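The chain below stands alone and is given in structure tokens; this is the form predicted on its own.
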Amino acid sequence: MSSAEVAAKVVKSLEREDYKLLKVFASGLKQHESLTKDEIRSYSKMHENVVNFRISRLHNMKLIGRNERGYSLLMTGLDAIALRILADDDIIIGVGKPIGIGKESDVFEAIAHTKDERILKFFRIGRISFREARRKRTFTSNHSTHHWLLINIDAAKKEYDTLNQLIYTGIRIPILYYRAMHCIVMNRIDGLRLADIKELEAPKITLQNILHDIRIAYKHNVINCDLSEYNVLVDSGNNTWIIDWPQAVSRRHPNADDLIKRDVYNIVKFFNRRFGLRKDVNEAIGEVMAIST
């Protein structure tokens, strides 16, 4: 069970004082890796007995962890905060089953109060590195947890901002509804990842559609930086959707030319290999970059 699923189970049982303490941890993430009981009491303005009781509850729920200095927020705690924000702001009313658990994100079904289907994307960048580090015990779990919480919040903000930048470009991208901490809420796209598709009705046209979107994004100063068959969806109408943008950079990046060429190379090579095309990579790179120079 993922931390988001655990959080979804406990978030309904969070009482007002529990959530108030969680917000204290969240608001101090950039300044503090851990908080002592005195600091928690000072920031929350709650009585010592109340703080002790609430800390015990949050620790038992596995939303916060304890270390030598005090207490720190765990990933499940950050998930709970995000879910509480989304519920309080009427963005979702329930979390459904997982759609995909990947290396850098967990994606779940969700329902809005309008009964619309939405998805929740929780960022999990560093999950593999964190597990490996814990196994080797090269650094403390609390320190690494804090580090990755900040990384994932920043990644969610970056993708949210990038998608907003691309909204009016004509590129097919998910509809954005909200961002809460390290979670983005989007509409659900019914499609398959390119990596999972063995046959396409018109692979040449599909490839050209993807290259068109890469070109338009590039024209609007955005390079995906991580394009592959794993972050492109194809729907039943053979429409393509580039769904992951947390690593995007602008054309002002010192390695911009290399990064856009790598994106094009990756997608063209995949189509040539999987669907037997003979698209010249250099020709494709020229098509993408020429319109924006």
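One rule holds for the numbers: they count along the sequence shown, beginning at 1. All of these numbers come straight from a predicted model, not from anything done at the bench.
The following text describes the form predicted in complex with a small molecule, which does not appear among the structures shown.
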| item | value |
| --- | --- |
| Arg179, heavy atom within 4.5 angstroms of the small molecule in the predicted bound form | no |
| Any non-hydrogen atom of Tyr230 within 4.5 angstroms of the small molecule in the predicted bound form | yes |
| Contact flag, Leu207 vs the small molecule in the predicted bound form, heavy atom cut 4.5 Å | no |
| Partner proximity in the predicted bound form: Ile119 to the small molecule, non-hydrogen atom cutoff 4.5 Å | yes |
| Answer option from Ala195, Ile167, Leu200, Ile99, heavy atom within 4.5 Å of the small molecule in the predicted bound form | Ile99 |
| Proximity to the small molecule in the predicted bound form, single hit among His212, His113, Arg188, Lys158 (heavy atom within 4.5 Å) | Arg188 |
| Three-residue site Ile81, Asp89 and Cys183 fully in contact with the small molecule in the predicted bound form at 4.5 Å by heavy atom | no |
| Stretch from 103-111, 67-75, 214-222, 148-156 whose residues place a heavy atom within 4.5 Å of the small molecule in the predicted bound form | 103-111 |
